[in-house]
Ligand SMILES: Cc1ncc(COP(=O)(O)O)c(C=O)c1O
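What follows is a single chain, given as structure tokens, in the form predicted on its own.
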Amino acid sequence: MSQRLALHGGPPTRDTATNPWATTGNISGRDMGHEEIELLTEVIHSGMLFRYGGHMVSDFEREYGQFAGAKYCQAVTSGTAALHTAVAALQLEVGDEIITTNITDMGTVIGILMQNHIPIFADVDRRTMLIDPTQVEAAITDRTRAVIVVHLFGQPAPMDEIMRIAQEHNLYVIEDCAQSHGAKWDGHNVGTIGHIGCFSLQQSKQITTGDGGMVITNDDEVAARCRSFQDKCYDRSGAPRNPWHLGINYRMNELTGAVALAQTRKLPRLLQRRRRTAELLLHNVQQIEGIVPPYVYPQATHSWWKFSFQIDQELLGCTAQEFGQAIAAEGLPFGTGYAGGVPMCTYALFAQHHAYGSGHFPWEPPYGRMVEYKAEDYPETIWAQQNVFFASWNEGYTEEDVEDITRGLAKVAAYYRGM
């Protein structure tokens, strides 16, 4: 006989008022302490907060580059800045098109428009919410120059297919690794498979400086363009300044670099902690009839920024909305609708072509083409946003937390199976 749901007046699986979940929004879900304080203190005592004069940012770049397996690592002010820098480094023409996913953060797309290019959205695989390579290939036109592939929730996108398509059509590939520090595809570190990799150090990521980011590449010329672009085209060799392209100030400072350096040194153990609890939960939910565990590609090494699952609605006899209301009442930390819960193409910015003032630049001819963004063109995106449950994951989760989540999901699933 199933237990009475909290939704119907029964006791919740977890009283989050007295026993809240660990969160990256405070120290409960973050590993910060004397290592960061020691390096920050060194910076303050030095009096040098500017990166060119200190050593924290350059040390961070070297050590993160070694961790990622990249020849070059350029620190910047955010993951959004990293992506903008990467797009700028490609030196494309106004109106050129870049394909990306319809489920992502605006940071993925801002750099495309800031460089006066046109974003083209591809639908996703509903199992993973990751970009579907077949939809990428279908979206290619004679103006397509690049693909920005997002490694969502800590899992790499299917890079073998993405790289095959890119090579066949002579396209650049930028990897948005903002959520996927330490993830791998077929043994290769994310960010090193395409031409450029972009990472975030925002508060919620596997490691954090509050805000910050980096660009990695193994290409000498791309690295030089990234370095120039984020530093307002300064030549730090001492040569006279003579900008040869438009740049911006995305320089990381020494205080941020100090925290980034300390966090990078902790990253292997943070990933180990995330993987231990996430993989335990993955094992547990596989045993619950009616719960569809997250699909992890056989080639993928997941780094668990979020944990997701779906339900077998036919077997349980309930909708995702009904199931979601029940597990919320049980105190479980899951919801649906990532990054607004609607296809990105439906944002007014894209639907009305309003990137700059009231005009339609860069979509309007002769610069580009007036792409019509329609939600109905992305059925898998719509389904996934309404039916995939996810919760943020962090190093503060314990085996006891996993057991609470397991008990709550099993309780609600058993109730609906028994109706």
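In this text the structure is predicted, and so the values were computed from the model without any measurement. Quick note: we count residues from 1 along the sequence shown, nothing fancier.
If you look for the form predicted together with the named molecule, you will not find it shown, but the lines that follow are about it.
Position in contact with the named molecule when the complex is considered in the model of the complex, options Asp231, Asp105, Asp125, Glu137, heavy atoms within 4.5 Å: Of Asp231, Asp105, Asp125, Glu137, the residue with a heavy atom within 4.5 Å of the named molecule in the model of the complex is Asp105.
Heavy atom within 4.5 Å of the named molecule in the model of the complex - the one residue of Pro343, Gly79, Gly194, Gly257 that qualifies: Looking at Pro343, Gly79, Gly194, Gly257 one by one, just Gly79 meets the 4.5 Å heavy-atom criterion.
4.5 Å heavy atom contact, His181 and the named molecule in the model of the complex: Outside the cut-off, so no.
Exercise: Ser200 in contact with the named molecule in the model of the complex, heavy atom 4.5 Å: Because a heavy atom of Ser200 falls inside 4.5 Å of the named molecule in the model of the complex, the answer is yes.
Contact flag, His117 vs the named molecule in the model of the complex, heavy atom cut 4.5 Å: His117: no contact with the named molecule in the model of the complex.
The named molecule contact in the model of the complex: Pro333, any heavy atom under 4.5 Å: No, no contact at 4.5 Å.
Stretch in contact in the model of the complex with the named molecule, which is absent here, among 204-212, 89-97, 249-257, 295-303 (heavy atoms within 4.5 Å): In the other structure, the partner sits against 204-212.
Sequence-ordered list of residues in 12-29 near the named molecule in the model of the complex, where near means a heavy atom within 4.5 Å: The stretch 12-29, when checked against the named molecule in the model of the complex, contributes no residue at the 4.5 Å heavy-atom cut-off.
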